[in-house]
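Encoded as structure tokens, the following chain is the form predicted on its own, with no partner shown.
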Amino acid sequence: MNSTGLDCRALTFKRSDAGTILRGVTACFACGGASLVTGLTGAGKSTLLHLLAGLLGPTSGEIWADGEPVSRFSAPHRERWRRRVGIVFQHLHLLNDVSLLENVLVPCIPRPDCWPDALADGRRLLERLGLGHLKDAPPSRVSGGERQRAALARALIGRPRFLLLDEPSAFQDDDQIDGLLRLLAEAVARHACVVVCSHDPRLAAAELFQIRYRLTQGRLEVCP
């Protein structure tokens, strides 16, 4: 296994109400690369990302990050490790009672050392995503596509080591897809580990993704 990146080692996840969702998943998502995971709705893509992010614990197997067994970490240690992770949730989970800019800055709250640069970085990301004029607007007053791009800016703030995106292009037109791919390419260039789960054919056709996987019946296979 590559010690630089995220390694899944015989990863299994079961839920009492849904049975076995992932079955013995073994894969390496390398830093300095972008991987695309496809699969039908309900195949377990979101579950896989939540496991990689440390938001869920595996039923069996392990997740290693940069050579460390993060799935074995105690809760406080795992919380600190998650500060290195940027994530876009499928359902976004933006805070409705604060502005888009304040939503983008939420991951910086536990890291006061990054505040001197965070505000400028947040504004820069919103500008690049075509949201600069909406920075003071709450999520309830913008479109679904604009909320999704704000969630992407939140994931990118602080230049995380691990970037995990769940259906990040669902509400985006073709022009916005190009901007999304440019930002992901920049993350790869700074040696981030980028994992995207999506069934969007526009992402499937993108040259950015060096490795493509398909999740079927709980098993992850490399696409030819």
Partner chain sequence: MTRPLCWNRPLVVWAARDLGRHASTALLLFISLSLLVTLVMLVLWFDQSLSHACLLWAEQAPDLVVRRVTVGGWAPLPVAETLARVRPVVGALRPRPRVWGVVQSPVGPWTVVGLDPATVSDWPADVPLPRTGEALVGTAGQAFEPGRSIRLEGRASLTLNVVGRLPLSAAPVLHDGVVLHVRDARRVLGLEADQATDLALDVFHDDEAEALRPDLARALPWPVSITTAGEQLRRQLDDISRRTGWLLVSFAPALAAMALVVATVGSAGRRRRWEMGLLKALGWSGGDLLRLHLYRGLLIGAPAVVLGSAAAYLLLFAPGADWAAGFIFGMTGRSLPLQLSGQGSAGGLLLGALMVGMPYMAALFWSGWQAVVQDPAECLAEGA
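Numbering follows the first chain given and starts at 1. Here the structure is a predicted model, which is why all the values come from computation and not from measurement.
Below, we turn to the form predicted in complex with the partner chain, even though it does not appear here.
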Heavy atom of each of L125, R159 and L165 within 4.5 Å of the partner chain in the predicted complex
no
4.5 Å heavy atom contact, H133 and the partner chain in the predicted complex
no
Do L129 and the partner chain come within 4.5 Å of each other in the predicted complex, heavy atoms counted?
no
Is there a heavy atom of A170 no more than 4.5 Å from a heavy atom of the partner chain in the predicted complex?
no
Evaluate R83 for contact with the partner chain in the predicted complex, applying a 4.5 angstroms cut-off between non-hydrogen atoms, and reply yes or no.
yes
Restricting to 21 to 60, the residues within 4.5 Å of the partner chain in the predicted complex through any heavy atom are L55, L56
